[in-house]
Structure formats: structure tokens, C-alpha cells
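Presented as C-alpha cells, the chain that follows is alone, the form predicted alone.
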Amino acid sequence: MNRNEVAAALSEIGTLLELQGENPFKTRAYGNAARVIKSMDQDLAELVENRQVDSLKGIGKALAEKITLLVRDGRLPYLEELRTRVPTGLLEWLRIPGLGPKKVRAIHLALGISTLGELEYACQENRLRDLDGFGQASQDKILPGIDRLRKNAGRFLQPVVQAEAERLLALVRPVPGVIRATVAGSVRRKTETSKDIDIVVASADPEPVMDAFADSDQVEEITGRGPTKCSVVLKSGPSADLRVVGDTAYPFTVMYFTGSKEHNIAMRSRARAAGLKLNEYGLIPEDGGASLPCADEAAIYGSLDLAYIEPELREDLGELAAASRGSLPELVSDSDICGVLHCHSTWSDGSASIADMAQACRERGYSYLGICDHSQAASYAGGLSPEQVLEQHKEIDRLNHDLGGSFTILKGIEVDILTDGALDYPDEFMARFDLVVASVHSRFNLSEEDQTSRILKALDNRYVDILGHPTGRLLLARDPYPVDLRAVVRAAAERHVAVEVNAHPSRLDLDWRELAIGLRNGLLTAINPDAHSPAGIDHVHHGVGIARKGWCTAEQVLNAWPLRRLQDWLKARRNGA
């Protein structure tokens, strides 16, 4: 097992123990160990080989032995035995917002139920209403959670599908006879979630390519196989389809399986208007004859008098009209990002020191870091009192002095927007920060009118530079809170407050559709990883994908600006300019 798989296994052990009512200290030990393993910078396999796993903070001898078995053998009998003790349905319940292990265990013991259907029926029959620790409000929240769980079944976040797609590409590219290969579908378009993975390969000999694909140890089940197509279900959950075509057809197949349904319909309509028929095999004159020769996708678009359309934009939201006018934007890319903003450290709920976070940024080629730990209202996340803020600022000053200008750490804060729209510190204290991200972390149940008013009031504060995760959504887990997002984005643009694209793959918030509308009206954004560990900094990549879907250029992204330009902008906001 790799580091992430080991962390997932340890986290699962902690959850299974909690579902069985195990000692909370024991369950927390596994959860803490999972966080340590996931955020560590060392090579876990090397630590195992050198018998140094117990040198990690919080990892004792017993945990080290289990981690060693997971890395070495890829399995752990202790975990397998725990799984037999807990009904599988209870783990599914944990994906319902508001149901943690303690509540799941309480329902299971009190009502003797263990499946999603039984839980749904119990709620419909008001069985949870009178249970200790629940009540009508709790029960009312569970039913929508069940509906959402069913609606999202079979969908996976970007990190899962992107990583699996890269592994599959690595399997098929070296096969003799393969000319070229790529990922297609929603994964290539960088949608927030995907149901499956599409791989397209150019080769005159499909059989060995499909053998390499189907024989992978990533594959759980082969669900279909023909002369040129193979469909599988991966052990990690997603389905994957492989299509092998000749090199001449390859660009057309890649285009067909990349575009959304709506984009493809629009492209076929444009082809018909030009007397052509476009499909996954070619661009063919309607009066017969051979396909127009197109070496790549750019040539296909060019044959229809269109500029090349980047995969992320292929959603039929105006990209064809812009391509015909030659007015498509030059989209922001990973290489444009100069620094990262909105990161956490061990001062609040992060797992690494400010120095370690800065070093991780430097290793990735960034020139600045905005540390934005939680403010005092977020006590559950180790929010900072004013006294702690001042101590943190002294540490940042020391670190910046030692860095000698080669890298800069900005004194930031993720300040809570309180229920009435006020901020968590008074204005005279807010003036101490270089950078302020303001976010809603509580009272998601306000009406749309009250929630909108709350955020608009916060945007009026001249010390608010960036609005954080503006809808509070958690993909596949929690819907956005009710808010008039258009009004919020419009107000942010008018007040010159940036609205972040929170790049954490469970958020990807601001939604790219709303981002596109905001950018057309003068909005600025920041692609923020919301990183709580060095590894979390890499979430920027997922945020860039969403920003690209929102037609975003580097000019519109704060952290694609050089440090001096960003500092000048922040200073101007402080001065009310």
C-alpha cells in the first residue's frame, strides 16, 4: 500500500472501533495516525524498511507494526476482522451529513436496523424523533441526506478519477504498437465529479492494448470486452472504458468522447451547416467521399472555422461563438501560479508548522505563502485568540527575516463571518493582517435572505480581501447553504473583493458556472488550496481546472500575480482605494 492507502486504512480502523463503542482514546489514536501518515514528507516505504515508523510523532510500537504490515503485505488481518463485526450498511450511513459514528451506533443499537432503506423507513415513521440526542430536527435532516446519497451514488471526486486515469494511461502507453493515448470524458474536462474514466488509444493492434488494460491489478471486474472496447470496474470504485482506434480516427474519437453531450450536438450542427457530417470516426462530406484529413483536434476545429477549444470549455456555454470570433481567453494554467493563499498551520487545525508549509511551497516553485489560520470563533478548529495572533505574527517576522527576501510569508487569517455579518475581530485588530479571507463556518440553516445579507455585510468591510468557499458546499456530501450567489458575486466585484475558488477537491467552490458570470462582470478570484498539510498545497491543480472551466485568465487570479503586485493591491484595499 502507498501512503494514502495506509492513511485510509488507519482512518477506517478508527471509525470501525468507534462504531463498536471502543475507548475514544484508542479510536482517536488511529485517526491521528492517519493524519500523520497522509501529511508526512518522508518516504513511508523507506521508514518501514529501516524500521523507523515509530519515529513519527504519535506512532507507537503497536501502530508501527500495523503500518508495516499494510505497506509490506497490502492487507491487515486486524482490519479485516474488524470489518466482519460491523454491518456494511452502517458505514454507508456515515456519508449522511450529521451522522457521525456515535449517532450511527446509537440508532443501530436502539432500533436494531443497519441498512439505508431501514433508516429511511425509520425516519418516515418518526422512530428517531424520540431517541436521546436526536429529535425532530435531526430526523428531518437525515431524509434529504439519504436522497443526496442516492443521487450521488457512483460519482467520484477529481483526485480519485484523475489518479486512476493516469495509472491506466501508464499501463497502455508502453504497449508495442501504441501510437498515442489520452484521457477523455469528464475527467479531461475537469468536472467536479465523474462517474467513469474514458481512455482512448491509437493502435493498429487493439488486442495487446486491451490485455494490458484488463489484466491490471487495479481492475476489480471486467464488465465487457469486444474487438476495440474494454469496460472494467476499478477496485477504487469508478468504471473505466478503453477504446482502441486507428490513428486516422483517433482525433475524432478523442473529441467525441471529451465534449459534453451539448457541446457535441452543437459541433455536429455546425458541421451540417457546412455540408459535413461529424462523428467519432471522421468529418465526412454529406455528399460522400473520404473524411477530411485532421491530424489532431485543432485541425478538426479549424476545418469548421473555429479556433481550438480547450477541453475544460467544451460545455456548450458560448465557446463555439467565441471560437468563431477568435475571442476565446488564454486560460490560466498551473505554471501561472506564483504563490498560495489560504493555508493553515499547527497554530490552528493544520498538521504542519508555518516553516514546513513555507518550505513545501518553495519546493513547488512558489514565491509566497498566505498563512490563514482560523479566527477565535472557530474554537472547534483551534481558532486563534488575539494574543495568539500576535505571537504568530512574531514567528512569521522571524521566519521572513531568516528567508532574507527569497520567499515571503504573508500574515493572514481566515476570519469567521458571524451570524449578523460582523467579523470575528474588531476593525482595529483586522488592520494588523496582510491578508484576510472571510468565510461562513456556522449557521448554515439561515434563510436565503438572511444568509445573503450576512455575507453582503461582511463584504462591506474594507479589511476583507477574499470571500472564502462562498457556498459552503461539500461535494457528494453537503449541498450549498441557501444564498443568492449572483447577488454576492456581483457585490464582491463592485467592492473589489476577490471570491476564491477553494481548490480543496471536496469543495471546488466557487462553482465554475458562477465564476464565469462573475469574471465577465469584473470579478477577481484566488485559487486557494485551503491546505492543512504540505500535501494539501497540491490541491491548487484541481482549482486551476475549475478556474479554466470558468473561462478564467491569469490576469484575473490574485495568486497568479507577482508578490509586489499582490501586496500593492492589498495595501490599496487597506487604504480604501
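The structure displayed is predicted, hence computed values, not measured ones. One rule holds for the numbers: they count along the sequence shown, beginning at 1.
Note that the form predicted together with a small molecule isn't included here; everything after this is about it.
For the three marked residues, 186, 195 and 198, a heavy atom of each sits within 4.5 Å of the small molecule in the model of the complex. Stretch-level contact analysis of 254-262, 335-343, 367-375, 107-115 against the small molecule in the model of the complex, using heavy atoms and a 4.5 Å limit, identifies 254-262. Contact check for residue 495: no non-hydrogen atom falls within 4.5 Å of the small molecule in the model of the complex. In the model of the complex, the small molecule sits within 4.5 Å of a heavy atom belonging to residue 268.
Taking non-hydrogen atoms only, residue 155 approaches the small molecule to within 4.5 angstroms in the model of the complex.
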